[in-house]
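Here we start with a single chain on its own, the form predicted alone, put down as structure tokens.
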Amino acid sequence: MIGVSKMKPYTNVLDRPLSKGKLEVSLSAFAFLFSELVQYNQTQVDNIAELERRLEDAGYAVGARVLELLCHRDKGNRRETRLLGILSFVHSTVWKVLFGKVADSLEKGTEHDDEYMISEKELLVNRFISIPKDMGTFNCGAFVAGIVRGVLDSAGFPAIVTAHFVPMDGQQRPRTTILIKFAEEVLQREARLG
């Protein structure tokens, strides 16, 4: 019969299967939307620290949802329980889903045992943002730091996550480093697990 579909009619969006296809957002659409997010928040605050905090809060909500989605799709509702496992998950899987590639590097801090760094030469959120001179050290990487904090907190690894510019020799633009400082309870749990 013509016009008769064998597909199951879905009455609710929650009944539809999760697509595993490669869904990508146009880079120009993302840049425009993110620029609007920054501009809106800029009108709501008085200083750079507050602007970065608001961007981090927006990223936190994204991170919590990304963890839920990836755990459901890729891991059969299982989550990482070890420190290096969750860091590797963020560095590779989360980064690949969000930015289309694995992060440039994941390093352990040399001064403190509770610090780890994810570095990116050209972080996507900083690529199309021009910072006025009066805003000095403003770093849009705070949004990505919020995403990382949202993933870690939702997975049971509370941490303080911040974004920093690190100058590179021979490069005009500095690289962005996401600094992760885990709570003491995470390190104690990791020591118990052995």
Partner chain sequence: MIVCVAVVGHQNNPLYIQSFTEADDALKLHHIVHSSLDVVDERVNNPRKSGPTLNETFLGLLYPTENYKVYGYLTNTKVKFILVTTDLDVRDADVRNFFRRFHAAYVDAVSNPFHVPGKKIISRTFADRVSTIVKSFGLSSAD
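Numbering follows the first chain given and starts at 1. From a predicted model like this one, the values you see are computed outputs, not experimental measurements.
One more form of this protein exists, namely the form predicted together with the partner chain; it is left out here, but the text below deals with it.
Residue 67 is the only one of 140, 51, 159, 67 with a heavy atom lying within 4.5 Å of the partner chain in the model of the complex. Contact with the partner chain in the model of the complex, defined as any heavy atom within 4.5 Å, is confined among 141-149, 59-67, 160-168, 42-50 to 59-67. For residue 81, a non-hydrogen atom is located within 4.5 Å of the partner chain in the model of the complex, even though that partner is not displayed. Although the partner is absent here, residue 72 sits close enough that one of its heavy atoms falls within 4.5 Å of the partner chain in the model of the complex.
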